[in-house]
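One chain follows as structure tokens, the form predicted on its own.
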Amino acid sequence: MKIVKIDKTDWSAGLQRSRESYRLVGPIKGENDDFAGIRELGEGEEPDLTATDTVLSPKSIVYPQSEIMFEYTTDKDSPDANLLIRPEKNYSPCAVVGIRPYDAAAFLLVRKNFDTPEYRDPYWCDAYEASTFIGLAVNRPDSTDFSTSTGSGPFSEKGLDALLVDTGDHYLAKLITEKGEAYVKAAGWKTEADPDTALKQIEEMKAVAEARISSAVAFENIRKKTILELYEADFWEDIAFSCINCGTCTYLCPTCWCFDIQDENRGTNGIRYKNWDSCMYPLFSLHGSGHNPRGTKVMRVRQRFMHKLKYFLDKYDDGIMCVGCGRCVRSCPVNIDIRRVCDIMNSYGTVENACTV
């Protein structure tokens, strides 16, 4: 295991050196001094690593909110008439610096949908494969963080190429993959730390960070229950009562992948877009016939949580479709809490409560 020591006095210079080989992406403050999200950094901009988390998840790095899939023309005189042509896009190497460990883990869950033996979404996969993920360990997790019980955690290495640990006056960079080593080399950070000493320090800091997480979810009983047992349960009306179908939870979530495809035409020319969508919206499941299989609010709320906590769990047998970042908990305007919903589903039909919040 190779661990590189990065003095913070050389941090900016290293980022600048890496720009010769990589586009830089990282957390950046918004207009109101809040951490709006992660985006590509312009010349002179650096990732701001002072916040615990970003408001928006970094899924837009590989899955933009709106993306052109094809351009086309119906002009009979054009040699490209009636052809769907994928536009060129910059898939040069991209370094995502400062991504949180649970957000990196989220990409692995989403990949199960976009990169399969039967189907490969070239837009998502090409952008993902061009990215190198340099994570930043979370020393002080937020009160809504429950990532340790979803298979990730504040120091998780899942989905990361390198993990940065802030020790005060320097970072310890734990190199996990060849892509991570290549980025550190491009940045010119060469000082190797003593692996035993550094690893011991990282493990101690990891234990302290994980001990600060007080929230947990359990889903072993959900795994044992049948789909219909939970689908037909009597608690969905209560859970959905306050929901206003705003879609905030789905847009902030790093593992939500729903999208819509729309064509925009002008004359004989057109563009086909892929846009984020939400299962919380009435139009999402509306059929061309006018029938809507999820026409009521309670049906849509049930669909969201059944997908996250039951359907995904059963299909992939790799945990729930959640990394415990807590964004939906913090931002829901009516205080619907996925931890509580998970508890209700997990303890349904039993006496014991399997979740503490």
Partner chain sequence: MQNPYQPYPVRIDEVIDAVEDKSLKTFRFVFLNPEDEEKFSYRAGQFAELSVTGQGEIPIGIASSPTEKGFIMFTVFKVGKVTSYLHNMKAGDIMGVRGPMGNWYPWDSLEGKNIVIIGGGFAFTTLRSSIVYMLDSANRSKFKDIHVIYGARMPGLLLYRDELYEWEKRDDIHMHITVDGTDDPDWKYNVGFVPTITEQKAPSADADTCAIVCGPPIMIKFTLPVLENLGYSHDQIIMSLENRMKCGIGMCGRCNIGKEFVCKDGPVFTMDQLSQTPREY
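Values in this document were obtained by computation on a predicted structure and should not be read as measured data. Residue numbers count along the first chain shown, from 1.
This next part talks about the form predicted in complex with its partner chain, which is not shown.
For its partner chain in the predicted complex, the listed stretch (53-61, 318-326, 37-45, 291-299) containing residues with heavy atoms inside 4.5 Å is 291-299. Interface residue among 88, 118, 77, 169, judged by heavy atoms within 4.5 Å of its partner chain in the predicted complex: 118. Its partner chain in the predicted complex comes within 4.5 Å of no heavy atom belonging to residue 195.
Remark: residue 203 does not count among the residues lining its partner chain in the predicted complex, judged by a heavy atom distance of 4.5 Å or less. Residue contact with its partner chain in the predicted complex: residue 188 places no heavy atom within 4.5 Å of it.
Within 4.5 Å of some heavy atom of its partner chain in the predicted complex lies at least one heavy atom of residue 262. Heavy atoms of no residue among 219, 251 and 308 are located within 4.5 Å of its partner chain in the predicted complex.
Interface residues of 74-90, taken as those with a heavy atom within 4.5 Å of its partner chain in the predicted complex (partner not displayed): 74, 76, 81, 82, 83, 84, 86, in sequence order.
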